[in-house]
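As structure tokens, one chain now follows by itself in the form predicted on its own.
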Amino acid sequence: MQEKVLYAMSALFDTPDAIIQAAESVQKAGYKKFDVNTPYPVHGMDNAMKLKPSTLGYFAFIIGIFGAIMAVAGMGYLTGVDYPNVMGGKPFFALPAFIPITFEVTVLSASVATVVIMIAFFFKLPNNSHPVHNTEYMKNVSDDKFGVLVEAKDAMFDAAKVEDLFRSLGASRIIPIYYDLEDIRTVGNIFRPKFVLFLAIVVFVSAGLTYGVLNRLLFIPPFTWMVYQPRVNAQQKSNMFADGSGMRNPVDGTVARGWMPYRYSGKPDEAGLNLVNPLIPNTHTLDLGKKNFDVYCSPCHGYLAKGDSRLRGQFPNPPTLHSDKVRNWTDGRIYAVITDGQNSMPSYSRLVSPSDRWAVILYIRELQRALNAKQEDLK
């Protein structure tokens, strides 16, 4: 037979006013380990009990800050040290790009950890048999009565004094609440065989259902329509064409709508003689040119076009764009290099539109003039 121990002394009251007065009296008597149970929220109860703010928010704040720091540090290390972003003019520590993921990690870590801490520490998982469960006290306060209880572990607890206090407050009924000693000893023990078995069942059932749905159910008709459909995957063989290639080149002699063919491919000198920059240098075109130059050109040429590559020796540094040779080139000649490429520089015709190429050239001219200013430019 399990040994019964006293958990608390409880009292029932008939009206909200009576339970408010009882809570205030219990609090003024100096008891700390007490609680109030009502069938519905009673306005003013927090003040009557002098409840302090929950400490759970501090845990959420600390864990959220830790999650944010770990997210920023992890992405900063991956993109700046382990696998540097050296393309498109991206900085090694691109904080604006980290913000969405940092926000998600912060919220996710804080919310999940808060629930775990609340259940494991505040509610003492896996204890699901609180002493007041299935007692006459709980049955009454869940229906139409209002109850207050003082726990036996309170430093001032004396069963007789607590009972006298409840009687003086006009309690309609006083109920002692007992608990099995063996259950008290096992509260919060996550290594209890029943609890471990429960977790194992949950894990294996969840894993089995997930595997069955993702690897079996979705490959059974009619769910296979999202997997098996007529399409060509990138860089994969195709049975639709005689050569078996899935990636097709444009048909010879065709021109895409809105795209004029480049007539000087492989003829940079002719491009330099015949092509004229159609754009006018103004705030819009220069901003457009700077944006594209910083993205596509600066990783190799540097932000000032001095040829100071940021690629850390992965490619040969290009020549400076401030040499007499390049400054004397026409805009059409530079356009030919951007379009066709030159030496180690590949063609950027697929990445930069024709109008953006002309804007880049206007920005290069501004850099050349700024870094090679003449006397009249300084007046």
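Start at 1 with the first residue shown and count on from there. Just so we're clear, the structure is a prediction, and the values are computed from it rather than from any experiment.
Note that the form predicted together with heme C isn't included here; everything after this is about it.
Only one of 105, 72, 175, 300 gets a heavy atom within 4.5 Å of heme C in the predicted bound form. Which one? Spelling it out, the residue with a heavy atom inside the cut-off is 300.
29, 326, 65, 56 - the one with a heavy atom within 4.5 Å of heme C in the predicted bound form: Only one option qualifies, and that one is 326.
So which of 42-50, 316-324, 56-64, 29-37 is the stretch with heavy atoms within 4.5 Å of heme C in the predicted bound form? Of the options, only 316-324 has residues within 4.5 Å of the partner.
4.5 Å heavy atom contact, residue 23 and heme C in the predicted bound form: So residue 23 does not count as contacting heme C.
Looking in the predicted bound form, any heavy atom of residue 11 within 4.5 Å of heme C? No, residue 11 is distant from the partner.
I'd like to check something about residue 346: if you look in the predicted bound form, is any of its heavy atoms closer than or equal to 4.5 Å to a heavy atom of heme C? Contact check for residue 346: yes, within 4.5 Å of heme C in the predicted bound form.
Do residue 19 and heme C come within 4.5 Å of each other in the predicted bound form, heavy atoms counted? So residue 19 does not count as contacting heme C.
Residue by residue through 353-367, tell me which have a non-hydrogen atom within 4.5 angstroms of heme C in the predicted bound form. 360, 364 sit within 4.5 Å of the partner.
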